[in-house]
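This document opens with one chain alone, in structure tokens, the form predicted alone.
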Amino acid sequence: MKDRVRRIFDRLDASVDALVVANAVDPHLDQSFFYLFDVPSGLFEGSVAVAHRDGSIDLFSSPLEAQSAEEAARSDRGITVHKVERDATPAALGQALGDAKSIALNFAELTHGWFARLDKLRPETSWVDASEAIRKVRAVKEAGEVERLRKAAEIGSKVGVEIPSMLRKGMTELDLAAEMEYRMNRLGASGRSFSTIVAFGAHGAEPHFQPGSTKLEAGVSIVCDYGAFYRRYASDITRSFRFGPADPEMRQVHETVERAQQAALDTIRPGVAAKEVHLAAAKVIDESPFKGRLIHGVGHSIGLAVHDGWGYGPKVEDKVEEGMVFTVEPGIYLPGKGGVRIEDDIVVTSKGYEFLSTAPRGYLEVAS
């Protein structure tokens, strides 16, 4: 992990002496902790990583994760594990920080409670925001990260192929979500990477709809947005279907979204402003009968979190870089009727992109 630490420090002011990344209680866990300390299991609630300019890390962990922490540290000689009770952590931290005067924190994820404890411990310290430096370093994935993301996407893709065979009249949105999650786990996922979205009919017009007891009936469209965790890395895939009698308008919607996604994909290459990827998809939709019905950014970074600190829309000037992994997910939403979103995970290559997710994207009507 030394290289990761050094890349973060390269983006910080030279006066910064140390970087502290602290976890609170689930779900307030800073995924950057697991970026600095690559450990396959454990919550590590209350644990803290202190990173130093030479790339070394002092890691403070409770006895609950002692075995996993020690096993992970054995493969990385730059990490020293300190087993401490949660309440003793601030005192132990003081020793690890030594005479550091300027200390960086991940403001974007640090809880106020943790900041108050740190500020009380080191009242004379100059606190520096490292969140932008961490975000930019995490946005470009290493080869090992890409392989985990590929495996997570492979699990999700296999389930995407199976969704049509799961559909049956009378099942609820929650029934389908549960079946999808069960199959992801059977395929090797450690869990869902976010709350599975299953939306029947008009519910599909709300991109972040939460499934409920609505039953599947003939003549509705379906949106399924879901993902798997594999060794802490996430996938995020959306597929849309039609159940029962055809609807020419919804077929047109689906085909328009397909063209919009392909237009965005065709734009991806290193050096392109991220907004251009969004605008390529938006142009296709706005030149169709569904102008204005793309109501969100076309994608976001994925990694240790499903929304991994970076998203792109019509004003994002950040450049696309080789090694970035992000979603491409245009959608069209018709209030009162339904919606279509097609979402895939891609990795940016030297000449363009490569799909990580592989489930079919075309329009599919499932007999009711």
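Start at 1 with the first residue shown and count on from there. Keep in mind the model is a prediction, meaning the values are calculated, not measured.
What comes next is about the form predicted in complex with a further copy of the same chain, which is not displayed.
A heavy atom within 4.5 Å of a further copy of the same chain in the model of the complex is found for one listed residue only; from Glu145, Asp247, Glu154, Glu181, this is Glu181.
Residue in contact with a further copy of the same chain in the model of the complex (any heavy atom within 4.5 Å), chosen from Ala234, Ile268, Ala189, Ala281: Ala189.
The shortest heavy atom separation between Leu36 and a further copy of the same chain in the model of the complex exceeds 4.5 Å. For the chain shown alone, Glu45 is a contact residue for a further copy of the same chain in the model of the complex, at least one non-hydrogen atom being within 4.5 angstroms.
At the 4.5 Å threshold, heavy atoms of Gly113 reach a further copy of the same chain in the model of the complex.
Remark: Glu206 counts among the residues lining a further copy of the same chain in the model of the complex, judged by a heavy atom distance of 4.5 Å or less. Of the stretches 93-101, 217-225, 239-247, 290-298, only 290-298 has residues with a heavy atom within 4.5 Å of a further copy of the same chain in the model of the complex.
The candidate spot formed by Ala108, Leu174 and Gln210 is fully in contact with a further copy of the same chain in the model of the complex: every one of the three has a heavy atom within 4.5 Å.
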